[in-house]
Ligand code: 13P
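Before any questions on binding or motion, here is one chain by itself as structure tokens, the form predicted alone.
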């Protein structure tokens, strides 16, 4: 068992999942403004530190994805943020892409950038305490998208990123996200997601990636946000598992789903349904941002000094997600 495999398993074993707290300054500013809190380095740190020092970090959160600003900040207890996270036996991670830009040759689509200078940045992040990383490729979906160009370009970038990360002794999260926006059917989502994931693994194999030392972060198979026909949670689970069984090599230790615009309850319920029928060897867990933080953020915004109250809201959500990662969640537990 490799060291990278050990890290991946530590992040996802025993129902643990990943807190995606890697919102860029621009995104975090929008989130804070939506709850009438001024966005400053101090306010962004205060909210994140409130979550990172909560009780559920020990039992529920196996890894935290940080943003460049956050990994370099110092907590109130004078620990660095990676030290604060590690004190709960949780592994610090870092987002390393520099965002999705217009794809030359297909201006309606995006390519994720950030490979230039990445080797140097990875060494710095490793010294700061990061042991895993994240890079997100995004794919539009319609009757003509994602194009072959988008699928190939993003798969190639994800593979080059993964090779640099593993060279630096960190675990790459490979995140090919087929977006929910659109009026596509769940069947379309299944087809396009399968194509995207298969191409990613073709490239990862060409780049000699140790597949036992990565975590895949895909979307669930859902109908588009404007689709005429939605599907049941049971069908989401069946199609998602079918897609992953047919597209992901068996060496991959774990899959951490993104919430991709689902509500907190939807993301929890669908993960639970997936785990109730998971007949694969993959650990299937969560890597949620909004679906772990939104209720806590709303509560915190009313009184940013109410640390205990905010942590209680976050602990509940994290506990629900961890139960779902074991197929043990039920809607009754949401009100207890």
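On a predicted model such as this, the values are computed, not experimentally measured, just so you know. Positions refer to the first chain, counted from 1.
Here the subject shifts to the form predicted in complex with the named molecule, a form of this protein not shown in this document.
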The named molecule contact at residue 259 in the predicted bound form, heavy atom, 4.5 Å: yes
Residue 156 within 4.5 Å of the named molecule in the predicted bound form, heavy atoms: no
4.5 Å heavy atom contact, residue 287 and the named molecule in the predicted bound form: yes
Residue 318 within 4.5 Å of the named molecule in the predicted bound form, heavy atoms: no
Residue among 199, 110, 192, 136 with a heavy atom within 4.5 Å of the named molecule in the predicted bound form: 136
Stretch in contact, per heavy atom within 4.5 angstroms of the named molecule in the predicted bound form, of 273-281, 289-297, 49-57, 36-44: 289-297
Sequence-ordered list of residues in 2-25 near the named molecule in the predicted bound form, where near means a heavy atom within 4.5 Å: 20, 22
